[in-house]
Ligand SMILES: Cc1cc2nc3c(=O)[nH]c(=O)nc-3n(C[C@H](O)[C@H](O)[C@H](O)COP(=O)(O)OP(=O)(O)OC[C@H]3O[C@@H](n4cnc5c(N)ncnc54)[C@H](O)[C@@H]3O)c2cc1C
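Next up is one chain by itself, shown in structure tokens, the form predicted on its own.
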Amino acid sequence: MYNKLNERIISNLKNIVGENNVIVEAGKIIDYSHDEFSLSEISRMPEAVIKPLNSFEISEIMKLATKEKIPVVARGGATGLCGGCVPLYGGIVISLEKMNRIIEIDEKNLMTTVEAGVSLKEFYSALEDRKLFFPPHPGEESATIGGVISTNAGGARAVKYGTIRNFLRGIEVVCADGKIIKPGGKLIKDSTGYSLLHLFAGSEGTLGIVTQATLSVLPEPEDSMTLLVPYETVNDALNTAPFILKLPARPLAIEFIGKRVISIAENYCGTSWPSVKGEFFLMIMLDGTRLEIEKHCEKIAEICLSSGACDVFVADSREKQKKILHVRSLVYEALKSSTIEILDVTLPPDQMASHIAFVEELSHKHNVWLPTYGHAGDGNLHTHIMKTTIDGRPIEKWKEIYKKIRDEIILDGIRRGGKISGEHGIGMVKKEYLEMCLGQDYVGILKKIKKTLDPLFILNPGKIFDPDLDGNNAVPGAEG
């Protein structure tokens, strides 16, 4: 189905982007063979890495790739956890790292226009200088705008503000055949035809390459505060969340996490979590005016204490809040060396406690540590399947039980009305569960959309589902 790059094609690529922006040396392209998924087994080497400077160059690359039937994978910060930017079939990796301009910050319309390679860190910093605020915060700030759009990333602040899709107003997209389209714009309302804007968001680079985005922003909140609330049981912690969500003022975030996981993260980053008693914590973040926040904090503290909380710790300074968030943000990195995979099942919020109880039973049944934490306010859970026993001893034959544990956790989530991903996406590693989760008819429609926009299946093939839309065009011998 796919052809290999040859000297002629490579020469044509150099003519498009310049010789210095085409990399073919094995020692230099190895970093483009993987993302942050913990198992190196999914890595695949590209045949070439291309670093275009603008959308026109990407358009010309796609025209050439279509003509020659070469697979193309777009890559941002490579912070994904599902193999979403791994070049499964070799071919070309288009790295957007040089397309990193903040084109405009439009304070009149509260809109920004940026290229896809802008990192979240750069974006947040530029907005902070203008006293503006972009609420979505997926966690890893080296992620790029194009990447977070491609996965419809969420993060902790989704409880109040929603995911990236809620702030996406317009995009520039290079299609598989090289055409450049611009769904949306600087608009709040738009009912003009089908919403391709929201179709591309979350499509993981399988329908087109996002090269530019217009995003809405907000005025910077006057103040913020974080409550750290310890509990003895995870049930007490999770059962508190619905009462908090019923309050007139919605919190920015409601996170939950266990003490053992936090202790590991503390040791990893060298930063101390506030010393409070309890085995599980709710981390509740609020923003607004100081007067509003103080009023809401009092009410939330009352609810928490009446629901079994041991105490309520208030981080009222930015320094204290950043310290807490820093430890929480590094949990994945702290656990990564012993992690086989991190899941991100999303559930109706009232099913979280029962799903976690199921995971706990599974943990004891197989004597595998399965730490689970996540977003108590929106039902998105992160379970690590570890290479260690409950008491921390290495498991030598973890491959024998990994798949079974993974299947059971995901199936339990689906049975409870959940989905297999709330924010990480499907990529390579979750596609086997897609039909089980969505149903054959639903997936059939997704495949028809894919085939309409990318008939040769050259855009990020092997992600979300395999390139076998008609059952007769799969790549022989390729691993899914």
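Note that the coordinates shown come from a computational prediction; the quantities given were computed from them, not determined experimentally. Numbering starts at 1 and follows the sequence shown.
Keep in mind that the form predicted in complex with the named molecule is missing from the display, and what follows is about it.
In the predicted complex, the named molecule sits within 4.5 Å of a heavy atom belonging to H424. Taking non-hydrogen atoms only, P183 never approaches the named molecule to within 4.5 angstroms in the predicted complex. Remark: Y161 does not count among the residues lining the named molecule in the predicted complex, judged by a heavy atom distance of 4.5 Å or less.
None of the heavy atoms of H355 is located within 4.5 Å of the named molecule in the predicted complex.
Though the named molecule is absent from this view, in the predicted complex it lies within 4.5 Å of a heavy atom of just one residue from P135, G91, G77, G374, which is G77. Interface residue among L347, V327, A153, I244, judged by heavy atoms within 4.5 Å of the named molecule in the predicted complex: A153. Not one of L227, P251 and A309 places a heavy atom within 4.5 Å of the named molecule in the predicted complex. Comparing 206 to 214, 277 to 285, 184 to 192, 233 to 241 against the named molecule in the predicted complex, the single stretch with non-hydrogen atoms within 4.5 angstroms of it is 206 to 214. Contacts between 89 to 124 and the named molecule, taken as any heavy atom within 4.5 Å in the predicted complex, involve L96, A116.
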